[in-house]
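Quick setup: one chain, the form predicted alone, written in structure tokens, and binding and motion questions come after.
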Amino acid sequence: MLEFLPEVLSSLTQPLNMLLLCAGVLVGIIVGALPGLTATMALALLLPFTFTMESDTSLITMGGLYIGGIYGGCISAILINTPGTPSAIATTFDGYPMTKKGQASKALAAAAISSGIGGIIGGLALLFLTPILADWALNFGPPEYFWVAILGLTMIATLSSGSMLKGLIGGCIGLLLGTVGISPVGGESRYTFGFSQLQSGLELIVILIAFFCIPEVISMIENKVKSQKSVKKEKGIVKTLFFYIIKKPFFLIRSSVIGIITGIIPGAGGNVASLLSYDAAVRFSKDKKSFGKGNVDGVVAAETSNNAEVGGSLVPLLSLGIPGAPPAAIILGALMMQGITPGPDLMSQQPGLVYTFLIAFVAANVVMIIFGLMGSGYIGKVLSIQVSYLAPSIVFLTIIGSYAIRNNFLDVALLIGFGLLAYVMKNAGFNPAPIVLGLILGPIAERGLAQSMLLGEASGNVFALFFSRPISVVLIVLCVLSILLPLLSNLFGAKNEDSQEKLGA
């Protein structure tokens, strides 16, 4: 790598490349903050313009846009409880409660710092561990996908606030919604009700907006909730948060590793990474009850992981030519437009270009931290807008965003319908998180199960395929522990309380 350092620095320090790197990050943040507009969409719009660029310039710009887009999703998640991108789902759990406490600037600053740290760790993993991690990813087959989904579904216990029964019902509703569309094996259309647009399934962004945003807007109007008069940036909050976060190295490394590994698995995505990381943060915390009520650690865990996932998603792209996430697939298209074919020979054929992209990736995360911290004190001022203006603006943006995904009015109708359903369910005590969790992981589990069954029948031993592969065994153990640990913790906690009461008596 050192022999290519002069070439890398020469490319990065060109004024045009530096300008486009910063512009890409800034535009990505803005796009990611708008509900319905994802990093994938932004990259797809940028793709035609990269054809006239130099290969290093196009990759630097797209890398900055990707990173900015993933971070930008946390802004609307924190301010209005609407994930700007699917990766920001878990950020809403504690980010929005912090906003309701008047701590929006603190939440935004924590998100910027943790996103940058997670992104830098993901970039370093991409830089040094690409060949090793790529070989590991090749061993990940349908049974492993199935067990990963099951592991994720065990998080319903963590995400269920109040009633476990309602959490399980919500998870089942999400699993049912995940079956809409074409069956992954037989190819039959399920629950499409004659609408051809539903054959590809329910659009995740639409459901996210419906379940997280619409109920809050209705409550805002119904209760005439006044937005925060002012959200001022506290003096020294950035410094305090920075030292608070970096004093938790194990916390950061755990969240980043979850993000990197999830990113390497093609199709998993930042939404799964942030949910798994949030679940781990809750399980290992000494103050579990504070999560979901405005605990900054929940924001840090989610944002560290979903930004580390960006680096992980590029590992199979650069080493195998397999994109680990939809945005990585767009970057694959940009590379091929430049006549560059990602794969095992890329590092030997284009080492200077690869290292330029990897170093620019780390630099883009630093730029993102700067932009995020500079804007955290000002972005929060959107909450000072009167409800009579704020609520219609949010509804307008959500409708435009829902329509823009597939240029389909049915998505707008689904947004309104599921939004009203979510409002009723919220008043009945249902948390939207288990529903969305079931919707995300249900198709992954179904596809993994169906493909594994077919492979097992072909090999003559279904049981061995599910329970004898090394990675599957590890995931099964994690599933069992994920189920048993909360039960044991509650059991021993109840015994301790009883013993203390007896001693007190």
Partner chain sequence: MQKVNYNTISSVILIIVAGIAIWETRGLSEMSYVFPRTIEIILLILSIAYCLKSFIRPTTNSLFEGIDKRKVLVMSLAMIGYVILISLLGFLIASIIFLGSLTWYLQRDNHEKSSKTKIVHVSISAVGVSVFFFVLFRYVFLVPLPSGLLLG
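Positions refer to the first chain, counted from 1. Keep in mind that what you see is a predicted model, and the values were worked out from it rather than measured. If you superpose the two forms and keep the largest set of C-alpha atoms that fall within 1.5 Å, you have the rigid core.
Separately, the form predicted together with its partner chain exists; it is not shown, and the next lines address it.
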> Of the listed stretches (473-481, 26-34, 62-70, 441-449), which one has a non-hydrogen atom within 4.5 Å of its partner chain in the predicted bound form?
Replying inline: 441-449
> From the list Y355, Y403, F371, F251, which entry has a heavy atom within 4.5 Å of its partner chain in the predicted bound form?
Replying inline: Y403
> Pick from I237, L127, L346, I169: which has a non-hydrogen atom within 4.5 Å of its partner chain in the predicted bound form?
Replying inline: I169
> Every residue in A112, I261 and Y278 with a non-hydrogen atom within 4.5 Å of its partner chain in the predicted bound form?
Replying inline: no
> Taking heavy atoms only, is V282 within 4.5 angstroms of its partner chain in the predicted bound form?
Replying inline: no
> Is R190 one of the residues lying within 4.5 Å of its partner chain in the predicted bound form, judged by heavy atom distances?
Replying inline: yes
> Any of the heavy atoms of L454 lying within 4.5 Å of its partner chain in the predicted bound form?
Replying inline: yes
> At the 4.5 Å heavy atom threshold, is Y244 in contact with its partner chain in the predicted bound form?
Replying inline: no
>> Heavy atom within 4.5 Å of its partner chain in the predicted bound form: which residues of 405-425 meet that condition, in order?
In response: N407, F409, V412, A413, I416, L420, Y423, V424
>> Checking Y244 here: with the core superposed, does its CA move 2 Å or more between this form and the one not shown?
In response: no
> With both forms fit on the core, is the shift of the CA atom of S58 between this form and the one not shown 2 Å or larger?
Replying inline: no
> Quick one: core overlaid, is I120 moving 2 Å or more at the Cα between this form and the one not shown?
Replying inline: no
> Do A23 and I400 move together or apart in the predicted bound form, judged by C-alpha distance changing 3 Å or more?
Replying inline: closer
>> Just to spell it out: taking the C-alpha atom of G401 and the C-alpha atom of A111, is that distance smaller or larger in the predicted bound form than in the structure shown here, given it changes by 3 Å or more?
In response: farther
